[in-house]
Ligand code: CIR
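Next comes just one chain, in structure tokens: the form predicted on its own.
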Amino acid sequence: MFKNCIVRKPCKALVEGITSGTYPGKPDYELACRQHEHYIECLKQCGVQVEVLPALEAYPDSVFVEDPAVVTRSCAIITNPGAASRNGEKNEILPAIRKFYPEEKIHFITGEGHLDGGDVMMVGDHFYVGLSARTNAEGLRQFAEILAKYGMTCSEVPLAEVLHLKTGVNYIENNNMLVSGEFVEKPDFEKFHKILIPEGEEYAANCIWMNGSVIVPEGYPGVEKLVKEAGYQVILCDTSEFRKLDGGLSCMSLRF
């Protein structure tokens, strides 16, 4: 069960954030702010305390707090993000992490190692890590070394098509995994009950399990139906403006 979440308000520079262009258009800042406020309310509905950090104008993508840190039941890891324009976000997230973790349980990916939290999927005490444009083998090696200190494990999942691992696959507990695209046939996930994302709704593979409920992006009725059929209460949240920056529900919070 999660007790806490950390989020960061969108900054006005959000409109200049990194984008692949997969979902065209520039974000509407005012609408993004309203959507973010609703996102916070959705998290609170699931019984967690939400720490809301101030906007950071120096970092257009800083609303996506999942990337500069990974939080676990035992420790926190500051990730050394792989995108140069985002790397400084690791320093900005650290004060918030220190509110919840003692110094000796905060670890750092350093040097040539890079890791984005969006590439890290937690399944109990095992972590699947996507090797991507943002996460490299040295980052994965350091991450595995840190986890081992706490009796946790990880394995690599090479990516071919998506930005981050959790762009296309997400674990929603109870052995259920939402899978789309390149992840449908990956042997890494054979042991799970796969919920296949309908064609055209790939963006909604990025849902988040929150204490028994699943937050699902608004506008994807096929995914909403499948998650409900799997036995979960569904909470809908519109993320249209963050989608334009390839950002999804999991990207906007640290959950622990």
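Bear in mind the structure is a predicted one, so any value in this text is a computation, not a measurement. One-based numbering along the sequence shown.
In what follows, reference is made to the form predicted in complex with this ligand, a form of this protein that is not presented.
Only one of the listed residues (Met152, Ile172, Cys75, Leu163) places a non-hydrogen atom within 4.5 angstroms of this ligand in the predicted bound form, and that residue is Leu163.
Using a 4.5 Å cut-off to this ligand in the predicted bound form, not one of Cys11, Leu56 and Glu241 places a heavy atom inside that distance. Heavy atoms of Leu236 never reach within 4.5 Å of this ligand in the predicted bound form, leaving it off the interface. In the predicted bound form, Arg86 approaches this ligand with a heavy atom inside 4.5 Å. Within this chain, Val15 is remote from the site of this ligand in the predicted bound form, having no heavy atom within 4.5 Å. Although the partner is absent here, Cys5 lies well away from this ligand in the predicted bound form, with no heavy atom inside 4.5 Å.
With the partner omitted here, the stretch from 29-37, 59-67, 223-231, 190-198 that lies within 4.5 Å of this ligand by heavy atoms in the predicted bound form is 59-67.
Residues from 116-137 that approach this ligand in the predicted bound form with a non-hydrogen atom closer than or equal to 4.5 Å are Gly118, Arg134, in the order they occur in the chain.
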